[in-house]
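In C-alpha cells, one chain follows: the form predicted alone.
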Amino acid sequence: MSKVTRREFLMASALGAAGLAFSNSVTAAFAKDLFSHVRPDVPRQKKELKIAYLCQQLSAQSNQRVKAGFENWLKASGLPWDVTVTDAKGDPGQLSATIEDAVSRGVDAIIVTFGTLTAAQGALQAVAKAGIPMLSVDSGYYPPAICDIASNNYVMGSHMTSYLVQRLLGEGKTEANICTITANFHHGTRKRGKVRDAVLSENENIKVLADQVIQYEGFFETTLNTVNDWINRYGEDIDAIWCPWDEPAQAAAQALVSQGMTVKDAFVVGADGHPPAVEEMRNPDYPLVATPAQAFELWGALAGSFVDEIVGKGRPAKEVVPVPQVDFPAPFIVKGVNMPPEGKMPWETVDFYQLFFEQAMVKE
C-alpha cells in the first residue's frame, strides 16, 4: 500500500491545527491565581527578564503545546520578557550547545523542554557555575535544575496497560494476543514501556506476538508499516496494540482501518491525550480506545509562573517549588465513557478511575 506520512495523516484528518488550539477561558485564568504557589502580595524585583526557552524537538505536538501554554501565560501576565526560542531539531548535542550559549549570553533563566539531559552534563555544570536558575519540562530531573515538570509516567504506563488487560478480560478474552510498540529514546516513553512489561508479567494469559522498537525520526511511517506487516502475518489473532504515545497509536489505528478492521476486531491504547487523537476517538469504530491526557499547556504556564516567582520576585526556589519533580495528574480517557466535553481540552475531563470513586461516594 502507499506510504502515508505523519504530516499527511494529520492534514487529512483536518485536526492538526484544531488540536493545538488553546481556549481563551483557560488563557485568561493564567493572569489570575491559577497556581497556589503564586504570591500576589510579593512585589516584582525584576519585570524585564531575558529567558532562554530551549526545545529539543519543537516539531513534536507535546513540545508545541507546552510552548503554547507558556506563551499564553506570558501574554496574559503582561510581562515584558525577552524570550529567545531555540529548536535543537532532535539533536541532544545541539541542545547541549544551546544551553551553553544561553549561559554565555548571561540570560536570567533557562527553560529546557523534552531534553536528553544525560548528554548535556557539561552544559549543566556551566549552568550551575553561572548560578542561572533553570527549569526543565519532561526531561527527567537533573541538577542544577530547580525542578522538572511532567506527568508521572509510571502511573500512566500502569493505567494504559492495566486498562488493556481489563478490556481484554471484559471482552471475554482470557487468552489474548497483543503487539507492542516500544520507544526508549525519551525517559517518559521508556518508563511507560518498563511498567507495561511489569504489568504483563503478572498477566501471563496475554501473549505478546511481536514488539517493534521505534525512534522519533520516522516513527509514524515505521509504526504504520510495522502494524501492516503484523496484520498480514497474524491477522485476526491480534486482539490489541499497545503504543507509547498517541501519534504511533494513530498510525496503528490507521493501519487497522486501512485493512478493514474496527475497534471490534482489535483495539489500540496510547498516551498523551493529544486533541487530534481524542477527536478521532469520538468515532465509535475507531480502534484507539484509551489515552491518559497530559496537561502540556499547564506545564508551560507553570514554568513561566515559577520563573516569575523565583527570578522576577526573588523568592527562594524551595519555597516556590518544594520538590524537584512536579508531577501533574493525567486524566485517563476511555472511549465512550469519559470523553472531554466539546470545546474543552482533553485534560479537563474527569479521570476514568475517579468516576468509580465518585460513584462509590455516599451522597446525602
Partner chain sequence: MKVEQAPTVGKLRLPAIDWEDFIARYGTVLALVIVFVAFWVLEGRFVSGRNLLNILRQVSTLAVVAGGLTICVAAGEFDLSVGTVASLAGILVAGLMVRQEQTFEVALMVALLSGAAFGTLFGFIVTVFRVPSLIATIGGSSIALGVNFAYAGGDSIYGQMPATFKFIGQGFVGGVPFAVILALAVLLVQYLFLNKTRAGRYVIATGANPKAAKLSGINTERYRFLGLVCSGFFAALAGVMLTSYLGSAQPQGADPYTMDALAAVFLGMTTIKRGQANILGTLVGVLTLGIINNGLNMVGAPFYLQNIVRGGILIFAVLLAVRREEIRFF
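Here the structure is a predicted model, which is why all the values come from computation and not from measurement. Positions refer to the first chain, counted from 1.
Quick note: we don't show the form predicted in complex with its partner chain, though the next part is all about it.
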With its partner chain left out of view, which of 224, 76, 289, 206 would have a heavy atom within 4.5 Å of it in the predicted bound form? 224
Contacting member of 231, 135, 176, 132, with respect to its partner chain in the predicted bound form [4.5 Å, heavy atom]: 231
Just one of 113 to 121, 264 to 272, 210 to 218, 165 to 173 has residues with a heavy atom within 4.5 Å of its partner chain in the predicted bound form, so point it out. 210 to 218
Non-hydrogen atoms within 4.5 angstroms of its partner chain in the predicted bound form: do 58, 61 and 276 all have one? yes
Using the partner position in the predicted bound form, report whether residue 250 sits within 4.5 Å of its partner chain, counting heavy atoms only. yes
Any chance residue 89 has a heavy atom within 4.5 Å of its partner chain in the predicted bound form? yes
Consider residue 254 of the chain shown here, and say whether it contacts its partner chain in the predicted bound form, taking contact as heavy atoms within 4.5 Å. yes
Evaluate residue 125 for contact with its partner chain in the predicted bound form, applying a 4.5 angstroms cut-off between non-hydrogen atoms, and reply yes or no. no
